[in-house]
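Given as structure tokens, the chain that follows is alone and in the form predicted on its own.
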Amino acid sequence: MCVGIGITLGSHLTPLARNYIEKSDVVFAAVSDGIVELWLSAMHPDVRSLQSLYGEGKSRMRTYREMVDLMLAEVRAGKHVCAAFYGHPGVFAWAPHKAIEIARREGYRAHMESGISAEDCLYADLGIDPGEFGCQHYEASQLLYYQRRIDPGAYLVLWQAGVIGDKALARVATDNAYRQVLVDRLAEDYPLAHKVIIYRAATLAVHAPRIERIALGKLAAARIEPPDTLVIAPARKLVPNTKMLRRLTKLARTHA
């Protein structure tokens, strides 16, 4: 069982996810910090941290594979295993998807229970309705690695901008030279004076989210850390598709 504990400590955990944590034989924790691990330990006597598997210069993909191996070892030993992940267990989390895939292939019951993600907090904290103009989401490095089409008439959300360009998946953060490459890419679709929001959801109820607005042209020199997300509001109005509108008007008349 892979569950999400949400973003803000204590307030996002669902009753069902808590029940899975409390009733399992062993709980693995891939969470934001030691405080969260202590909180989980109050629910279960055998909580095992996965955070120690990370290391500077060590490929994150190697770490993820080690997480999967540890979790599945207990499953194969006949135990009921719960893995608690920060936020939503299926969002920017390779290990839960892989562990469930392998467990099912080997004949074990496996399930993912959704949780509140940073995206959910983002909509609430920034007052964004993705249905108003549309919302594009990209992992920041993918925007550079591949030919992706940006629509400046919709919101653009870039995840993991703090490690943009880390092709080895081994750095804790990348510097402003890497962010300048991102600025140059975004400048193809946005004016350099257009505002970018640096956003980070609050992990404790007593904290406020980070909401910092900065001109795109100054983004490379800004402080951007691994938990931060970049949000860019629409830079142009929606352009009516007159051809489609005429077709729909005709349909409305014939089906009246």
Partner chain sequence: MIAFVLTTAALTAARLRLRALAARDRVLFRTLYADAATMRYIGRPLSSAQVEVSFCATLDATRKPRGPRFFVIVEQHRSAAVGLCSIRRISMRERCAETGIMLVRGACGRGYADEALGALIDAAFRALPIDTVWAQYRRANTAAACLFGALGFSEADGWRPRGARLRLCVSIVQRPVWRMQSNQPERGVPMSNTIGSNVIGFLENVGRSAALRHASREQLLQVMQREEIAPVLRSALLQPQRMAIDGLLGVRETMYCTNQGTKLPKKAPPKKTPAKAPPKKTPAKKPAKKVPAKR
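Residue numbers count along the first chain shown, from 1. Quantities reported herein were computed from a predicted structural model and do not represent experimental measurements.
Below, we refer to the form predicted together with the partner chain, which is not included among the displayed structures.
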My question is simply whether Leu169 lines the interface with the partner chain in the predicted bound form - judged by any non-hydrogen atom within 4.5 Å.
yes
Although the partner chain is absent from this view, report whether His207 comes within 4.5 Å of it in the predicted bound form, heavy atoms only.
yes
How about Gly217 - does it come within 4.5 Å of the partner chain in the predicted bound form, if we only consider non-hydrogen atoms?
no
Partner contact for Glu212 in the predicted bound form: the partner chain, 4.5 angstroms, heavy atom:
no
Judged by heavy atoms and a 4.5 Å cut-off, are Gln136, Val157 and Tyr190 together in contact with the partner chain in the predicted bound form?
no
Within 4.5 Å of the partner chain in the predicted bound form, heavy atom basis, the matching stretch of 128-136, 107-115, 181-189, 81-89 is 81-89
At a 4.5 angstroms cut-off on non-hydrogen atoms, which residues of 49-70 are near the partner chain in the predicted bound form? List them in order.
Ser49, Gln51, Ser52, Leu53, Tyr54, Lys58, Arg60, Tyr64, Glu66, Met67, Asp69, Leu70
